[in-house]
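Quick setup: one chain, the form predicted on its own, written in structure tokens, and binding and motion questions come after.
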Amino acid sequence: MNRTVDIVGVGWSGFGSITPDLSYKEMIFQAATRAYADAGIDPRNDAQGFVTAAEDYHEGTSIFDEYTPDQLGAVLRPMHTITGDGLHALAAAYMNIASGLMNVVVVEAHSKASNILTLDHITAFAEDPTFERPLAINPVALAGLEMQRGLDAGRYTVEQCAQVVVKNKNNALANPAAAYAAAIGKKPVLEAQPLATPLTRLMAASHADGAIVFVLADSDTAKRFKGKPVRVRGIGWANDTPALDSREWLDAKYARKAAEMAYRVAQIRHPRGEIDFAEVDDTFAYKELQHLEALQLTEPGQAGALTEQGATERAGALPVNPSGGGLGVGSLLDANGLARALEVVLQLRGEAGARQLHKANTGLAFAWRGLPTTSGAAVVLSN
């Protein structure tokens, strides 16, 4: 059995650079309450399963799905944790429904990054324990090296990377949920404090707190709910090698393979002609350009030039990150993918407010798990 799947409810709480007034459980409860109201469901009666995306090292506790049922209304119900990005959790929910195992599944992901005192050390712990971790390389240095590789190959320029920051932070000015919106020019971005040369501080997304909850249902069941459904047309995910000495440094192979899977399921043959807009991981400014090329939304080496020409602006031929992306909204750890998908849902529903696009029929959301991984997931959504 292969049923069609819809997103019928969304809710979120945040996003702020710090949230001292809210615990992660309170943020999840707020997001869940709003998602259930949006869908018009009672999770205790209507939902058959719950999936949360969380990394135990970020949470400071193991078997983290033991800490989320209360605030989701999932006590004594089927629930599990995906140790990955929110789009990986979305994929798990999608498969539960498409297979016929369940009719309604709730997906949750969150970030309480402001609670983590040693996030860089935790991130470094993901490096290979035998050959890489003993070198004590700061993970951000890997981003600097990868960005330099793209510069040396002529894929983009530093100025084009700065333009990504300018675009996304300016887009975020129209997003009430964005934590790092700013009217900024390229000069401050280029002259900002070096983070890992050639990467500057403003070319990296700052962390934020927030929670996001989605309600998914098969299309027949969705008709019973009040939520405005958005169709999940295709979803895909992929990992490249974790090893620094054998990975592809120029091209995001994980993004290309994840997108190819999503396009195949969605029956999309020509992404540049069929995708109206995209929400793409921009944890680092150069990553937006790298990912656009890997997702086949631009030709190799053209993403930077198109960005510079304004093609990826909200009014451009291919709007990218109209929400402000991670650079404008904030980096939400394992909730980044759901943040990208959330904007796609709002755009397709015509509920994006001042940042609403004129043409929004089919959108792509793509998430990268972050340093030092080569893990990505993509979802194609349509109204």
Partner chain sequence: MSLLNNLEHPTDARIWRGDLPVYHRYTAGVAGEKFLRALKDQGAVYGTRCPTCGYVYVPARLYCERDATHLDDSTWAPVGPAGALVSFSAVWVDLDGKRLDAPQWVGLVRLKGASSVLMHYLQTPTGALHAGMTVQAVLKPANERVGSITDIAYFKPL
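Only a predicted model underlies this, so the values are computations on that prediction, with no experimental measurement involved. Positions refer to the first chain, counted from 1.
Absent from the display: the form predicted in complex with the partner chain. The rest refers to it.
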| property | result |
| --- | --- |
| Partner-facing stretch of 297 to 305, 138 to 146, 276 to 284, 209 to 217, counted where any non-hydrogen atom is within 4.5 angstroms of the partner chain in the predicted complex | 138 to 146 |
| Any non-hydrogen atom of Thr197 within 4.5 angstroms of the partner chain in the predicted complex | yes |
| Non-hydrogen atom contact Ala183 with the partner chain in the predicted complex at 4.5 angstroms | no |
| Contact label in the predicted complex: Leu173 to the partner chain, heavy atom within 4.5 Å | no |
| The partner chain contact in the predicted complex: Thr33, any heavy atom under 4.5 Å | yes |
| The partner chain in the predicted complex: contacted by all of Asp120, Ala124 and Asp152, heavy atom 4.5 Å | yes |
| Interface residues of 18 to 47 toward the partner chain, as seen in the predicted complex [heavy atoms, 4.5 Å] | Pro20, Asp21, Leu22, Glu26, Phe29, Gln30, Thr33 |
